[in-house]
Structure formats: structure tokens, C-alpha cells
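There is one chain below, alone, in C-alpha cells, taken in the form predicted on its own.
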Amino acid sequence: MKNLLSRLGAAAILAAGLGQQAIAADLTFWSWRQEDRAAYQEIIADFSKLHPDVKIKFEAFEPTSYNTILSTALAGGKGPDIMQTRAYGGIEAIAKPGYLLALDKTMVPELENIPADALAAETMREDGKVYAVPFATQTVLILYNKDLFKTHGVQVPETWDDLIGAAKALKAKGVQPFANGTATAWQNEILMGAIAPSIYGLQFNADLVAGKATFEDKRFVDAMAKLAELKDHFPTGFTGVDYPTMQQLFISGRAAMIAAGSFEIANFRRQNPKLDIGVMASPPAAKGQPRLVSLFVDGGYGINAKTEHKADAIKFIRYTATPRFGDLFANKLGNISPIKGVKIEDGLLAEVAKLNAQSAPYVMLVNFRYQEPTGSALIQTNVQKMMAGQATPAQVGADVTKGIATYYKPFQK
């Protein structure tokens, strides 16, 4: 009997150990990137080579409902062990209630691999702590069809007048110049981010933050006026053209240009491998002035403050801040990693990275998406109205300023 009890005790201890191992081997990782599932499985497999005792289960949700699903789960004391987080105001929405584990360089020494401005996007302003490892920067710019440009003898424009001239030349040849429509609200912010910075210039954003300018500033109003000129080169009935339709117009080669984010490139290529894409910053009003793209941090990887597997979750988070991960991320997902020393193999992505050397912040997301009404909501609605002929550029500037002034003290002067 004594031997039997001894054996049973040993079995119980073994079972308990196996149970702990099973729990540790079942970390959940939530994302809004359903289309990236295969790439993430490869990335997780690489992580497993370094940490074979830690298993990661990747789960992806529909992008527009992800924030609600995640915040609801976290509020209920549940949710994933590891999660993709939004940036700027998006990270604060889940960090402020205490749902995320704060990260520092003692816990995650690899944060040294990431520039301060990228870390700032995943930092809560109130306490100055980092709550996620940034995973990508996105560039808002103009994509163009190289074959259509070549076939119709159109040169890459150097000035705003050149851009309008190119659009007219394409239209005369029966080619739709721009694929953009205004039916999908968030695409109007992308449109503004792609076109406006080269017109209002880099100093404008600095003046906004310093309280020296509002959106009623002539520089911004002039940029909106230029943007309004493009509506003559958008598809017929563009106010009803939604995001998927825009994408297909460009992917199919029916439109020569699209104001878009660099995050579109991998998807466009998947859908049409023959599509020869070029990238450019929107041209300035006059030759010699800086050509600027808009830049923002897309999101990060954070840890659930209530995870039961903190040590294993930290292992994965540390991995996501290494050049090894950054190389895989860039070259599997076709996105630019903010991690220092990442080697970009793709020539087109390398061109985007070069354009980033002259960039302005994606102004509404970076500065004004923390409180309601967000700058993003205001600009999306107002650009939509302006392009439909229901608001002037000056009215756009005034309405955006008025909305942000409800909480932004520099605009209350």
C-alpha cells in the first residue's frame, strides 16, 4: 500500500508538472490582421526555435470590431496573453484602465533597438510608460502604375502643376487618373495625409503642437484647396466610391494612381502579381520645395496585465523587439519595422523607407486622436464635404479648429 501511495503521489506530481507545462504552452495572441495569419505562423515558428517550451496560439479578428472585442474581454478580466495594440490614443484607451503591463528596459532590454519617436506612439502620456513594442511604421503617399505611366508617356511629376498635367494627360488617353473615392470616411484622412504635407510644409505641424497655429492657418487652407483640385480627376460618382472599389480600380490597372498607405502594397501585389507599383511623395507647389510623406506608427505588441504566463509572454515581447523579428516582419509582411538594423530585401519597400527620410507626422492620428471629437473624425467628415462641394477649404480649417478647441487649450486663445 505504501508503495502504491508513493507511486500515486509521484504520478500526481508529474501530472501537475505536465499541467503547468500545458498551460505555459498555450499563450494566446490576438490580432486584427486576419490576412497575415500565414506570415505570423512562420514568425511564431521562428520564435519557437528559440523557446520551444513556449507555444503561441494566433487568433485574428475582423479589424473594425477588434477594438471592441479586445476592450470588452479585457474589461471582463479575460482577453489574450499577448495582443496587437493600436498606437497613440488607441494604446491609452486600454493602458489607462490598467489592462496592459507596463514595459521598461529592465524587463525588455531590446527596447533599446527602437527609436524614441516610435516608442512614444506606444507610451501613455500621463505616466510616460511604454505599454507595447511598436511593430511597424506606415507611410501615406501616392502609389502609381509604372506601366500606365510608361505606356502613355507620363513622367513622375515634380511639382503640383506637373501632377495636374499628368492627370489630364492620362484622362485624355482614357485612363482614370486617381482611383480615390470619398464614400469610406477613414480614406478621406488618408487622402489628406498623402497630399497635404508637401503643400503646408514640415513647420506647420511643429507650429500646431507649439500652439502657434491652428487649422485656419493659410498653409493648411492652401493645402485643402490643392486637395480639392483633385476631385476632377477622381472616378465618376467618386462620392459613392468606397474603399474596396478604390482598391480594385488600382489593382486592375484601370486607375493610374491612388493616394494610399504603404500597408496596401503587399495586398495589391498578392491580388495582382503583375502590377508594377511605383511610389512617390505628393509634389510641392513649386520645384525645389520638400516633398513630404506622412508617417505614423501602426501599432504594437502588448501583454495582458492579468496574464497567468507573464514570464513566457515577456519572452515573446522581447523577441518582437529584436532585429531578427524585424527582418522577418518586414520581409514576410511587406511592412517597415521601426527596429534599428532591419534589412529590407524588397526593392519597393526600400524605396518607401527612403521617402520616410523626408516625412511629416500623420497629423490627426499622432496629435489629435486622444479625445472627442478626434481630429481624425473631424477631418474625415470635412474632407468628404469639401470634395462634394459642400464646404470650402477655409470652412474645413475653421470646423476642424473649432472641434479640437473644445479640449485643446492652444486653440482656445
Partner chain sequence: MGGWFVQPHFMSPRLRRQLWIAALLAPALLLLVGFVTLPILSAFVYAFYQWQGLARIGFAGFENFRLILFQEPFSTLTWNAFFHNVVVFVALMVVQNGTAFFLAWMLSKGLRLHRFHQVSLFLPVILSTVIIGFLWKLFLNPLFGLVNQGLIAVGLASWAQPWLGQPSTALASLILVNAWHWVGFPTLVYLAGIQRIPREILEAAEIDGASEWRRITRIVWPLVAPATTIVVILTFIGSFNWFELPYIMSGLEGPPFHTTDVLGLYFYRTAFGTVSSALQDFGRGSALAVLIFLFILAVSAWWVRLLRRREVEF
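Note that the coordinates shown come from a computational prediction; the quantities given were computed from them, not determined experimentally. Residue numbers count along the first chain shown, from 1.
In what follows, reference is made to the form predicted together with the partner chain, a form of this protein that is not presented.
- Against the partner chain in the predicted bound form, the set Ala75, Pro97 and Lys385 is in full contact: each member has a heavy atom within 4.5 Å.
- Of the candidate stretches 346 to 354, 53 to 61, 362 to 370, 40 to 48, only 362 to 370 has residues with heavy atoms within 4.5 Å of the partner chain in the predicted bound form.
- In the predicted bound form, the partner chain lies farther than 4.5 Å from every heavy atom of Leu170.
- The partner chain is not shown here, and in the predicted bound form it never comes within 4.5 Å of any heavy atom of Thr28.
- Taking non-hydrogen atoms only, Gly237 approaches the partner chain to within 4.5 angstroms in the predicted bound form.
- The partner chain in the predicted bound form comes within 4.5 Å of no heavy atom belonging to Ile314.
- Between the options Ala206, Met107, Ala225, Ala183, the residue in contact with the partner chain in the predicted bound form by a heavy atom within 4.5 angstroms is Ala183.
- Proximity to the partner chain in the predicted bound form, defined as a heavy atom within 4.5 Å, singles out one entry of Gln155, Asn267, Thr245, Thr151, which is Thr245.
- Residues of 372 to 390 that come within 4.5 Å of the partner chain in the predicted bound form, judged by any heavy atom, are Glu372, Pro373, Thr374, Ser376, Ala377, Gln380, Thr381, Gln384, Lys385, Ala388, Gln390 in sequence order.
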